[in-house]
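Shown below, as structure tokens, is a lone chain in the form predicted alone; questions about how it binds or moves come after it.
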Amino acid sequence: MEYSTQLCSALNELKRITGIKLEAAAQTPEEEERVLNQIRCLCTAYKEKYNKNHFLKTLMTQNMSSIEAAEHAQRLHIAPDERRILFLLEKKGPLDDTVIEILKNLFPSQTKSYLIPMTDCSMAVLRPVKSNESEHELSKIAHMIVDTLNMEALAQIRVSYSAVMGHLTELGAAWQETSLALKVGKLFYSEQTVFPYNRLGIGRLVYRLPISICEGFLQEVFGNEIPEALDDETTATINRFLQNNLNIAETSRQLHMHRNTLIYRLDQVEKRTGLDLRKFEDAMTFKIASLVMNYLQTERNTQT
């Protein structure tokens, strides 16, 4: 009978996706139709709750035992011991359909990559790592994500990424790595768009400091009158000067600025802060103080 065939197929589908072997019987076509509807609703509910994305997101953000994780991975046909890397991308504003379609093309499901929505503005990408892929090549993938979405979707994207994982149970730690890298990167290195988990520099240290210690450090450097934030142009000039190892000639050349103009701006910074950025110790102090002030300002804005 047609109904018996459909019932058999539905029971097999239930077993395939849940691992549950269920027996059912019906005396009339009407009874069998009701049983079919119940089994299909059960399959749908199970897929919604235990789909791969839901499982991976739960594994990242909640505590799950290794035994439970292994059972879910087996049921969902996800290899637990494959080498993978986690990318976390965040857009300025909600992720739209265009961005999602581009990401699907960059990381098709056939490659065993998973796109995991985290919030309206962020998405995690879990991607297998080939045996011959180096850390440099993984960094290039992160930059490729930013550049592609910027060109094709006109989207402002920041991306952080984790260390290479050897097992699926490391996904929770990878999520913590990428989340921290994105927070620290946005806070202390706003001119960048890609933040590796192991390239956070002194920003990682400042982010972990108590606010009271940060405030005490600023008072030690500047006294009771902490200077206001510098304008964007001056800040960009100083950043380039520090990047060029305090080289006035090279900084002037790169900024197409007269040497005397650069010296004048450095003198103005010294008047406002008491720090001569042409001296290594003062330049280092200024850099750290800038990171600390940025951190405290962000914390105050969050609390208000």
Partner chain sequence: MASLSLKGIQKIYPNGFHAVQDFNLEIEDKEFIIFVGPSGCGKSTTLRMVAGLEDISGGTLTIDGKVMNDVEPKDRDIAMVFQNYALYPHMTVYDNMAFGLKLRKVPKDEIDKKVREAARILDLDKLLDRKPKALSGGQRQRVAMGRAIVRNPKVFLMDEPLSNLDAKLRVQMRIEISKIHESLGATIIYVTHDQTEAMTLGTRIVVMKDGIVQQVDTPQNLYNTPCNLFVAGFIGSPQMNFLDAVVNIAGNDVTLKVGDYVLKVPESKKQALINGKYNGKTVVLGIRPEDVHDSEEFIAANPDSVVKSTVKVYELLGAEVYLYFDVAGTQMTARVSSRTPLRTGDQAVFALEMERIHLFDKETELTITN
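These numbers were taken from a predicted model, which means no experiment stands behind them. Just so we're on the same page, rigid core means the largest C-alpha set that superposes within 1.5 Å between forms. Positions refer to the first chain, counted from 1.
Keep in mind that the form predicted together with its partner chain is not shown, yet the notes after this line are about it.
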Scan T261, N53, Q268, Q243 and let me know which has any heavy atom within 4.5 Å of its partner chain in the model of the complex. Q243
Heavy atom within 4.5 Å of its partner chain in the model of the complex - the one residue of N150, Q74, S122, T169 that qualifies: N150
I'd like to know whether P210 contacts its partner chain in the model of the complex, with contact meaning heavy atoms within 4.5 angstroms. no
For S190, is any heavy atom within 4.5 Å of its partner chain in the model of the complex, or not? yes
With a 4.5 Å heavy atom cut-off, would you call I102 a contact of its partner chain in the model of the complex? yes
Is L255 close enough to its partner chain in the model of the complex to count, meaning some heavy atom within 4.5 Å? yes
Which one, 26-34, 231-239, 61-69, 275-283, holds residues whose non-hydrogen atoms are within 4.5 Å of its partner chain in the model of the complex? 231-239
Just give me the residues of 152-180, first to last, that have a heavy atom within 4.5 Å of its partner chain in the model of the complex. E152, L154, A155, Q156
Did K57 shift 2 Å or more between the shown form and the other one, C-alpha, core superposed: no
State yes or no: after fitting on the rigid core, is the Cα displacement of S66 between the shown form and the other one at least 2 Å? no
Rigid core fitted, then: does Y295 show a CA shift of 2 angstroms or greater between the shown form and the other one? no
